[in-house]
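Just the one chain here, the form predicted alone, laid out as structure tokens.
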């Protein structure tokens, strides 16, 4: 683990120099949130009105949080870099290094997004408090549980996206699959909570990565309950185990394919 910690620290220190560039992305985030604040402000004619069990304060905060996760965890390392390494044959050098390539990529990825995520969390809090106000039912004692599911959600998302990139061992371009996955998370997961969809669709959505990556952490922040926490945590642990197995399986088969072909 020490070698991956060194990779994480080195990448983190490198990205701290580009904090200003990261801040430029705040414009897109702010514009997105501003649009949805006005949209939900119009939909909620009465501030005490409930839609799918959410009041206006909770609904807007839900979007602020999910968009924060979306913008704060984006990185080309687990998408384009991995796919390009495979297509160019550069991965042959990574295979022979004294570390596991997939864990190297994950360590590098988390080193890249750590500063980004902290900045976006700070911005989300500022925007939320300024435009909506604080969450009336939020308590600081919920924070450790929320941090756990937030980190697990980010890890699961990273492993799933890395697994999609590893498909490049067999197909020429994995970007269409990345696009489909991203749009699934963005369009269905970040804009609306699960409860707003038809009843027949909700169990299906709860079986997708949406539930563990964005919905679970955001739901616990806007409407925390221990029952919900344990439900999300259990689902995340199952997803995490499956995601790791898929990632390692794809990598092992891909490396074998490279070796057989003389890579």
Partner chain sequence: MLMAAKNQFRVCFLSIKYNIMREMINKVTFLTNIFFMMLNNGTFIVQWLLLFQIKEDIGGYTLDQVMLLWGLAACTYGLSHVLFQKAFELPELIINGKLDSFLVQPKNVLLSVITSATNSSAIGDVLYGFVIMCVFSFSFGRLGLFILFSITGAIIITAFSVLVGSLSFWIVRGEMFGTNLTNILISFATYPDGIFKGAVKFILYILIPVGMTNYLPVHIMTNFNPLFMLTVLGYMVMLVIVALYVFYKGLKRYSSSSLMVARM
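A quick note: this is a predicted structure, and the numbers were derived from the prediction, not measured. Numbering follows the first chain given and starts at 1.
Another form, the form predicted in complex with its partner chain, is not on view; read the next lines as being about it.
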Triplet 124, 140 and 209 all within 4.5 Å of its partner chain in the model of the complex via a heavy atom: no
Partner-facing stretch of 160-168, 116-124, 181-189, 75-83, counted where any non-hydrogen atom is within 4.5 angstroms of its partner chain in the model of the complex: 181-189
Contact of residue 229 with its partner chain in the model of the complex (heavy atom, 4.5 Å): no
Contact test in the model of the complex: residue 35 vs its partner chain, heavy atoms, 4.5 Å: yes
is_contact(residue 28, its partner chain) in the model of the complex, heavy atom dist at most 4.5 Å: yes
Close approach of residue 133 to its partner chain in the model of the complex, 4.5 Å, heavy atom: no
Residues of stretch 190-220 in contact with its partner chain in the model of the complex (4.5 Å, non-hydrogen atom): 191, 192, 196, 197, 198
